Each structure stands twice: as C-alpha cells, then as structure tokens.
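Look below for two forms of one protein chain, each set out as structure tokens: first structure 1, then structure 2.
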Structure 1
C-alpha cells in the first residue's frame, strides 16, 4: 500500500521554487483535462444541434414545397395549406426554430420566382413571421433593429415603408445602411430620395451595394440626378457621378462641367473620368486652358480624356508636354502623338539620347 505521508514529506523537503513549479504544472495539467472534456462536450452538442437542424430543414423544405405546389392548384388556401400554416405557427414560438424557418424560406425565395416567390411571401405574412420582424423595429438595441429591417428587405415587405423610413437618420451607420438598402431594393431609383437630405458620409461599400441592387433591375428609368451632383455632401456627389457614368447620363454634362472647379480634388478627378466616358468634348478646352493649375492627378486624367477626344489641332499642346515632369503624362503624350502624327512620333527616335524624355527611352527599350 502506498504511503501518502511519505510523498507529502518528500514534497515538503523541496525548495520553494520546485514546489511552485509542481503546483503550476498540476494546475496546467488539470486545466488541459478540463478543457479537453469541455471541447468534447461542445463538439457533441454542436453535432447534435447540426443533426437536428438538418432533420428540421429537410422536414420543412419538403413541407414548404408541398405548400407551394398546393397553392398552384388552387387560388384559395386548401386544408393542406392551412395545416402547414398552423404547424409553422406552433414552431415559430421558439426562437431557434423561427430562425431556421426564416432561413429556409429565404433560401427558397432565391431559388424560385414569380407566383412561387409571391406564395412564400404570403406564407411569411400568414404564419405571423412578419410580426416578429416588426417587433424588432421597436427594440432599443440598434443591432436588433438592423436585423429586423434586413429581414423585411429580404422578403420585400413594401407595406411597412413608414415604419422603416424613420430610421434613415438613425445615429448608427449599420441601421442607416439597412434602411437605405430597404428603400432601394423595394423602390429602386425612387428609393434613392434619401440622398436629398443625407448629411452623413455614404461609404464606398454602401455605394457598391446600392449600385449592385440597381444594376439588377431591368428597364428601370433613372431619375434626375442633377440635385445630387449639386449636393453639399461630397460622398453623395461621388455616388451621383457613378450613376452618371454607369447609366450614360449625357443630359447632365452642364452639371459635370460645373464640378470641374469643385473644391474636392477627388470629385474633380472623377468628373474628368466621367466626361471622358460621356465624350465631354466641351471640357477639353477648359481643362487645356487651366492645365498648369491642375494637380498632377487631374493632369493625368485630362490626358486620358485627350487620348479619347484628340483632334489634329491638339498636336502643339501634346508636343509641349512630351517632356513633362511626370512619367505617366510623358507616356500618354507619346501615345497620343503616335495616333495623330506617326511620322513625327517616329522622328523622335532620331533625337540624341540626352534630349529624349524618360518615356522615349523606355519605349526604345521595349521596342
């Protein structure tokens, strides 16, 4: 039989540091054992939950498909459909099951269209799921409000516009973003009316998301974007410029010309890019006359415009900037010269090496 007292006395004879090492080692070993047990329990729980979700998902997907096809056969809700609705109503009382049902419904909506999509939306109403989303809008927590608006957007619930629009000036960016996405998803270009009074910055990512929604629309007539081009909110102006370019808004050229003298350099540069796309030849003379007052970035953008809209009378201006201090402008000037006067371009090769610009020497090496 092991004498425990022997080991206790043996341990007590150790120096303090050795005792401390044993204590720490013991604690760490115990922690490892406990964490291993905890991870195994968590893994078991997650696997069990995943199996339950898969079983529940398969059951409800079959149930919802049954509901949809029953709806096709009759305009009225038949007994079969009513039974399905009642079953869903019982399950949505539980938060986890409610989340799963919403997820299944949304996934189905992405896979169908037309009457079937309308049937899923009707089911969303009939089961009372919409009431839970509307309840979220009354919550004090901003992230719950944002989730509620996002759900209403996914199920294209248009008749709660007045409940959602009040969040357009919410102090939290995430809530404002969801409100903006709701308005544009359901009301398309008309939904962009929030830009009229927008004071907060419209982030680059928000702009991308809004444009992505708009570009999915078929045969949508764009609204008048000129008020947004005159906005005091620079991000709104930049977004309007993107709309000008994507939707070929030739009728806003006058407004774009005014923006060439905007105080924000990023806007001025983007305006030149949009005018290039819209063949804004009116801008060429104005920019050429003020070329030396432009920033390097604007000068490069202007040469991009000139490359597309150049005419023979621009040749003296092009030659003047063959030795520009900016290498990119030198390259663009050579490229444009080549397009309008190939003989003069080829004649540059005869210049002494010390008189050639870096761009010329670069082109020689490439050749």
Structure 2
C-alpha cells in the first residue's frame, strides 16, 4: 500500500521554491486534464453543429424554394406559404437556427433577382427576422451593430434609414463602412452624400466595395462629383477620380487640370491616368512645361498619356527623353517615336553601341 504520509513528509522537507514548482505543476496537470476533456466536448459540439447545419440547410433550402415558387403572382399568401412562415417563426427563436436561416436567405438573395428577391424580402419581414436585425443596432458591441447593418443592406430594408444613418460617424471604422455600404446600396449615387462631410480616410478596400455596388446598379446616372474632387480629404478625391474614370466624366476635366498641381503625389499620378483615359490632351502642355519638376512616377504616367495622345509636334519632346535616366521612360519614348516617325526610329540603329540607351540595346537584342 502507498504510504501517503511518507510523500507528505518528503514534500514538506522540500525548499520553498521546489514546493512552489510542484504546486504549479499540479495546477498545470489539472488544467491539462480539464482542457483535454473540454476539448473533446468542444470537438463533439462542433461536429454536431456541422451535421445539424448540413441537415437544416438541406431542409430549409427545399422549404424556401417551395415558398418562393408557390403562386408568385398572387399578393396573398397561400396556406403552404403561411405554414412555412409559421415554421420559420418558430425556429428563429433559437439563435443558431436563426443564423442558419439568415445565411440561407443571404445565399438565395445572391442567386435570384426581381420578384423572387422581393418575395424573400417579404419573408424576411413576415417572419420577424427584421426585428432581430433592428435589435442588433441597439447592441453595445460594434461588430454586432455592423452585422445588423450588413443584414439590413443585404435585404434592402429602406425604412430604417434613420436608425442606420446614426452610425455614419461611429468611432469604429467597420461600422462606418457598413453604414456607407447601406446608404449606397439603397440610395445609389445619392447615398454618396456622406462624402461631403467625411473627415476620416476612405480606405481602398471601402472604395472598391462602394464602386462595386454602384457598378451593379441599373441606374448609371451619376451625380456631380466636382465637390468631391475639391475635397480636403485626399481619399475622397481619389475616390472621385475613380468615379470620373469609370463613368467617363469628360465635364470635370477643368477640375482634373487643377488637381495636376495637388500636393498629394498619389492624386497627381492618378489624375494623369484619368486624363489619359478621358483624352485630356489639354494636360500635355502643362505637364511638358513642368516635366523636370515631376516625380519619376508622374513622368512615367505622363509618358503613358503621350503614348495614347501623341501628335507629330510632340516629337522633339520625345527625342529629348530617349536617353532619360529611367529605363521605362526610355522604352516608352522609343515606342512613341516608332509610332510617329518610323524612319527616325530605325535610324537609331545606326548609333554606335556605346551611344545607345539601355532600352535601345534591349530592343536590339530581341529584334
């Protein structure tokens, strides 16, 4: 038989530090045992949840399809549809099932449009799912609010505009972003009015998402973007530049010309790209005059503009930069020269090797 007293006495004889180490070891050992058991429980629960989700998904997808195809013409709900609504109403009392139903409805919304989408929206209202989304807006956790707004955006719930707009200046970026997406999804170009007062930066990620929503709209009539091109918020200016490029805003060329001397280099470079796209031939003289003061990136952008908008009278300028210190500019200058004066371009072959630019030598190699 194990003599426990022997071990107790043995332990009591240890120095303090060793006793402490054994106590900590004992605690760790207990923690390992408890965590191992709990890990098993968690894994079991997660597997069960996965199985239930698959089962529930199949069941509900079939049910929702049945709901959608049941007498779509009629404004009244038939018995089958009412039964489905009641069933969903019962299930959404449970958080997990509610999440699953919303996720299935989300996916369906992505796949259908027109009357079908309206029908899903009606279901969203009738089952009371909208109330849960509105409750989320009152939650103190930012990510729950953001999820709530996202849900209202997805189901195009316009009548809660006043509840959502309150979050446009929320301290958390994600909440502001979801609010912006809500406004643009529902009110299209008008929804962009938040840009007028936007003080915080609009990230590239936000811009891409906003543009994606706008480009999917049926109504492509854009509002006046000039105020945003004059914004003191550089990210708003960059966003407006993207709008002018996508929507071919020839009427804002004057504002674009002003932006060529903007203090932000990224804006100046982007303006040159937009002007290239909009055939902004009037930018040429201004940029040529300041060429040596431009950064290398701006100079490359300008040569990109020249590549598209070159005319024979640009030849002296092009020739002057055949030996520019930057390889890309050398190459662009050669390409442009070839397009406007092939003889002069061919004549460059006669230059002795040591007088040729690196771009000329590279071209020669592959010719």
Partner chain sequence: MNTSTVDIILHLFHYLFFTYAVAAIGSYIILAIISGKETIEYLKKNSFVNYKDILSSTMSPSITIIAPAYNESLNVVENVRSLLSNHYVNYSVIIVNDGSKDDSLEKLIEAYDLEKIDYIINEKLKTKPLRSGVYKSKNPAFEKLMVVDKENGGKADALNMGLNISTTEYVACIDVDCLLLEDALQKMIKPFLEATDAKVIATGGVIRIANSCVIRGGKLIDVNLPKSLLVQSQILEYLRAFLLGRMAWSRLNGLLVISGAFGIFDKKIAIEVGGYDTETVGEDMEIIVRMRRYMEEKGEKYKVSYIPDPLCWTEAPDSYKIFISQRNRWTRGTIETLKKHRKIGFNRKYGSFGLLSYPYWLIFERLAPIIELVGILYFVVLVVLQQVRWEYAVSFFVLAYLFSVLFSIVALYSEELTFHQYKKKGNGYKLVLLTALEPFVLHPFILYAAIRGNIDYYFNKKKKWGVMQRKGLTSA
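These numbers were taken from a predicted model, which means no experiment stands behind them. C-alpha atoms forming the largest set that superposes within 1.5 Å between two forms make up the rigid core. Positions refer to the first chain, counted from 1.
Determine, for this pair of isolated chain forms, which one is the form predicted alone.
Number 1 is right.
Given a superposition on the rigid core, I'd like a yes or no on whether residue 335 shifts its C-alpha by 2 Å or more between the two structures.
Shift at residue 335: below 2 Å after core fit.
Just checking, between the two structures and with the core aligned, does residue 320 shift 2 Å or more at the CA?
Residue 320 C-alpha, core-superposed: shift of less than 2 Å.
After core superposition, I'd like to know whether residue 60 moves between the two structures (criterion: C-alpha shift of 2 angstroms or more).
Where the cores coincide, residue 60 still shows a C-alpha shift between the two structures that is 2 Å or more.
Once both forms share the same rigid core frame, by what distance in Å has the CA of residue 46 shifted between the two structures?
Superposing on the rigid core gives a C-alpha shift of 3.6 Å for residue 46.
After aligning on the rigid core, report the distance the C-alpha of residue 36 travels between the two structures, in angstrom.
So the C-alpha of this residue moves 7.3 Å.
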